[in-house]
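A single chain, nothing else alongside it, follows as C-alpha cells in the form predicted alone.
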C-alpha cells in the first residue's frame, strides 16, 4: 500500500465545464483555502477525444500547468466511465443489454465493459492520457475509472462467457443441475448450449450466480486497466479507485454490484465516495461506515475522493459542520478529503449538486469554512496523517447474502444492508468501533484477530466458514448473529440441516419455523427495556438446546411466548449470541449493551451524540477524536494525560471537557 505521508485536502476540478476562463483565479482561491490536491480528467472522454482518433488535451495541460504553478498536486482519473457519442454510433451494441432492455445513449455508465470495441478505444484513450501527463511531477496518482459497476450487462456474449465459466467449474453437468436445483419447474439442462437467457430465470441460485459473475467482470476490468496504468506509473505514484456504496439518497451500505475486496487487490490504496445527510440529520454514521469499509478493503489508510461541500438539496452544512465532517473522515483513517466538486455546474443533470463555490463562483460561507479546514490540515498533518486503527470487533460483509435478500426478502426487507446498518449504527452510537471484513477472505487466521465477529443476517455461508466460526468461538472468540444467518450455501441452496447451519451447538439453539411478528413484542428478565420493543418483518421461533443457553428475551405473544427471541450461549472458551427477529433501534441498543457485558467487552462512557473514534499516530501515541453531532452542548471524559490539538491545550486523565454544538476535540496522548 502506498504510504501517504501528509494530509491532502482539495476538490474535483473541471476546467472543461466552466462558463468562462477563470483557471488562474480558481487555483489562487484553492491555494488561499489551503487546498493542496485536485482530481481531474475522469469525466470528459469526449473532450480529450472529440472524434474517433482525434485528440485534444488543451484543457488537460492548462489544468496541469496552472496547478503546478500553484503548488497543488493532482490525481488523474481515466475517463472510461462515460463514453463519447461517436463511440456509441460506431458500435450500437456497445450500449449494455440489461434485464430491462437495451440502454440508450445519454447517461454515464451505460456501456458493456466486455465489448471488444469499448476495450480497444478505452485502452487507446488511457494510453494517450497517460503519455500526456508523464512530464508532470506533481501528478501523485491515478484513479481507475469512476464508481465502476457491471452495469447489468446481459448481452449474448456475456451469457456465453457465463456458461463457459460454469462449464469449467462444473465439468459434470448433472452435478450442476443438482447443485442449482434445476429440476424445479423443468429448468434442468443436458447441454451447455441449452443454458437459457438468465434474465428470465426463476431460480434464485442461478440468478445469484450470474450476479456473482457480473461482479467478477468488474474485478477483471480493474485488473486489465491497472495493468495498463502500471506500465506508466512512477515508483512514487499510486493507483486508486473511488468505490461507492449502496444508495438511499445518501451513501448507505455495502455496494452489492461489486466485490470491492477483490477489486481493491489491484490498487495501492483504496478510495471512497462518501455522501451523507446534513443539517439536523447529520449523525456521522455514513462517514464512519464508509470509512470503515474503505479502510478494511486494504487494511490501511484510504482516500476520500468525493464527499460533499454543499452538495444535494438539504445538505447545506450549518456553521462548523463542514469542519466537523472533514475531521470525521480523518478519524476513520482517511489521509485525503476531496469535495465533488469545486464549482457548481451551470447546466446538465447535476446543476443543483453544488460545489464549494456557488453558481456565482465567488467566495461564500462554505469556502470560508474550507479555509479553516485547510489551515487545520496543514497545521496538524504530522500528528494526524497515517492514523492506524486497532479494532477488536469485525462485521462480516457478504455479497452473496445481499443478493439473497433481493431474491428472498425478509418480509419487506429486500436489502441486507438494512440489517447491516441496523447493527452497525447501534454499535456506532455506543462508540464501539469495528472493521468490515469479507466473507470470502475470512479464514481462521483473520477471525482470530478479533474479540467479536458480527454476522448481520449473513444468509449465505460456506461449510468451511461455518466450521471456522465454530472453531473461533471454541477457541475463545465471541460471535453475534442476527436472523437468517447461516441459512444457505454459497449458491443460495438452503441447507437440509438444522438452522443456523453448522452453528447450532455454538449458539445452543435452533429453529425450524419463522413468521411475521404482527403484534408480537419482547419480554425479558435480563434487559430492562425503556419502552415496549416494536417488532416487524421477521421472527424466528428459537428453541434452546441445553441448560447453558440463556434466554435473553422471549416473544411477548399469547402463542409464541414459549419461544426464545434472543439467546446467549457459552461455548468452549468463548460464547455466541443470536438475535432471531428485527425490532426497533433503541431496544437493540439495550440488548447489545447487555450482550457486551456477557462477552466481557469494555463499554465506552460516551454515547451518541458524542462520538469517540480512536487510533494511533505514526509516533505510536494514542489519538482520540470526540465529536458532538448535535445542536446541544455535550461533555466527554478525558482518557489520558495529553494535549487537545484543536485548541492546543493540556488535558488530564479523568477531566470532563465540554463540546459546543457541532464541534470536536482531538486528544493526543503524552509520550510515555
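Numbering follows the first chain given and starts at 1. None of these values were measured; they are calculated from a predicted model.
Absent from the display: the form predicted in complex with another copy of the chain. The rest refers to it.
This chain lacks the partner; the member of 160, 134, 548, 513 within 4.5 angstroms of another copy of the chain in the predicted bound form by a non-hydrogen atom is 513. In terms of contact with another copy of the chain in the predicted bound form, the residue from 256, 207, 181, 570 that brings a heavy atom within 4.5 Å is 181. In the predicted bound form, residue 9 stays away from another copy of the chain, with no heavy atom inside 4.5 Å.
In the predicted bound form, another copy of the chain sits within 4.5 Å of a heavy atom belonging to residue 364. Residue contact with another copy of the chain in the predicted bound form: residue 50 places a heavy atom within 4.5 Å of it. In the predicted bound form, none of the heavy atoms of residue 535 sits within 4.5 Å of a heavy atom of another copy of the chain. In short, of 235-243, 284-292, 576-584, 557-565 it is 557-565 that has heavy atoms within 4.5 Å of another copy of the chain in the predicted bound form.
With contact defined as any non-hydrogen atom lying within 4.5 angstroms of another copy of the chain in the predicted bound form, 631 is the only contacting residue in 617-647.
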